[in-house]
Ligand code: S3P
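In structure tokens, one chain follows: the form predicted on its own.
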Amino acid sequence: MSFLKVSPKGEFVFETDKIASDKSISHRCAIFSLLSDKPSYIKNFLNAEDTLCTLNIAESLGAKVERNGDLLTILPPKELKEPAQILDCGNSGTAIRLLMGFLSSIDGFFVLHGDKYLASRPMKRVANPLREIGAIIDGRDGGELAPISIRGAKMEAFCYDSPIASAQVKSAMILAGLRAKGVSTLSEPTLSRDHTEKMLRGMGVDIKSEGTKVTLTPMDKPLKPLDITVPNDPSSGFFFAVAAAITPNSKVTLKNMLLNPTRVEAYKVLQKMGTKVEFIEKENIYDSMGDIVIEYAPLKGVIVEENIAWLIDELPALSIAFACADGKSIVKNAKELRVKESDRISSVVTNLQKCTLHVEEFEDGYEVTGGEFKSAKVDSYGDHRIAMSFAIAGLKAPMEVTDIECIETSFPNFVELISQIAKVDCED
């Protein structure tokens, strides 16, 4: 079993433009390029295991992929083909759930699968609303678990009120609705990440957003191709934001980051806790891009109960900041954490307790009392964000994180970067 050992090296000033490219947008680039009849040009595509799986799926569906340095060109087929093989989504819930919506209206038979962790994640939240509008979907446990089979069918227009705020559910329904028989609407309890709406709007789709409601007119011709530079991922950069926030006299500058409001909420939580954070916008074409500067200041406890859909990937790393803060921090309304790459509530609580911190677990969150980290050996539970969060905890006390192969799914150069601010030993 591979491991990563991290221990403190002292204060630091760190600037980088090498944060992993945005995973959410990279997945969408690979899928959305198939909606055009012209080549899409994508710079800074994330070359990580999960996004490369999605790119391979695009090729299996008939696309041709060409690389020239940092430029990725995707040439869509005249007609998507029925693949002979199972489509491997790796560890990515984004890929499998978006593809469920995308493939539901494509003529052919498709099977989506992934690794052992993805095979345990719930899929009925996507499968059931898609079935209601005509999709033919099945899988283990009545369609709850992968492998997921899809037989392309004609989609009906819909008016769907989602019980959860989920960009994956919303995006799957939007992709199915692109080939529906009329105008569709979707609403959700609170606004989830809106990359799908913004990117499709840029490609020519008539899609309107009013608060938490989306209105979609189906496409009547192929979409405009993408011509995009994928910004760096604020969720990946957030590990280094926390590193600065918990290390006295330290400062981090993250370059060329996505600044979409639904993606930087965790940085704003750090601000509420006392950390100095500055956002510097430099570009706004498909979405806002720029730099984020994070500088240490003493942390205080905070209650996190709003905009949880915007924090679902960053809460494990925020938990490290909670543990370094003065007072108690509480996370509420976050039951969705239980169905991510791991049960992140259980994973965070168990690992913080191994560090001798006082943590109380709830069904929909947890409470962390700030204290002193003790050296510990912790498990990633196959979850890249748990692995990297507790690697950052190694800046407070020596930490050994086991089962770190999962880091490759989203942030292949994480170990290289953390080596610049901490003492690191690892075995692949």
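Please read these numbers as outputs of a predicted model, since none were measured by experiment. Position 1 is the first residue in the sequence shown; the rest follow in order.
Missing here is the form predicted together with this ligand; even so, the following discussion is about that form.
Next on the checklist: Given that this ligand is not shown alongside this chain, does Ser329 nevertheless sit within 4.5 Å of it in the model of the complex, heavy atom to heavy atom?
Outcome noted: Judged by the heavy-atom cut-off of 4.5 Å, Ser329 is well away from this ligand in the model of the complex.
Item to check | 4.5 Å heavy atom contact, Ala165 and this ligand in the model of the complex | outcome: Yes.
Checklist entry - Heavy atom to heavy atom, is Asp287 within 4.5 Å of this ligand in the model of the complex? => result Contact check for Asp287: no, nothing within 4.5 Å of this ligand in the model of the complex.
Checklist entry - in the model of the complex, does Lys340 have a heavy atom within 4.5 Å of this ligand? => result It does: once this ligand is placed as it appears in the model of the complex, Lys340 has a heavy atom within 4.5 Å of it.
Next on the checklist: Under a 4.5 angstroms heavy atom criterion, identify the one residue in Val252, Ala127, Leu226, Ile312 near this ligand in the model of the complex.
Outcome noted: Contact with this ligand in the model of the complex is made by Ile312 alone.
Item to check | in the model of the complex, the one of Asn91, Asn351, Ser184, Thr94 near this ligand [non-hydrogen atom within 4.5 angstroms] | outcome: Of the candidates Asn91, Asn351, Ser184, Thr94, Thr94 is the one lying within 4.5 Å of this ligand in the model of the complex.
Next on the checklist: Among the candidate stretches 415 to 423, 20 to 28, 400 to 408, 7 to 15, which one is within 4.5 Å of this ligand in the model of the complex when only heavy atoms are counted?
Outcome noted: Result of the contact check: 20 to 28.
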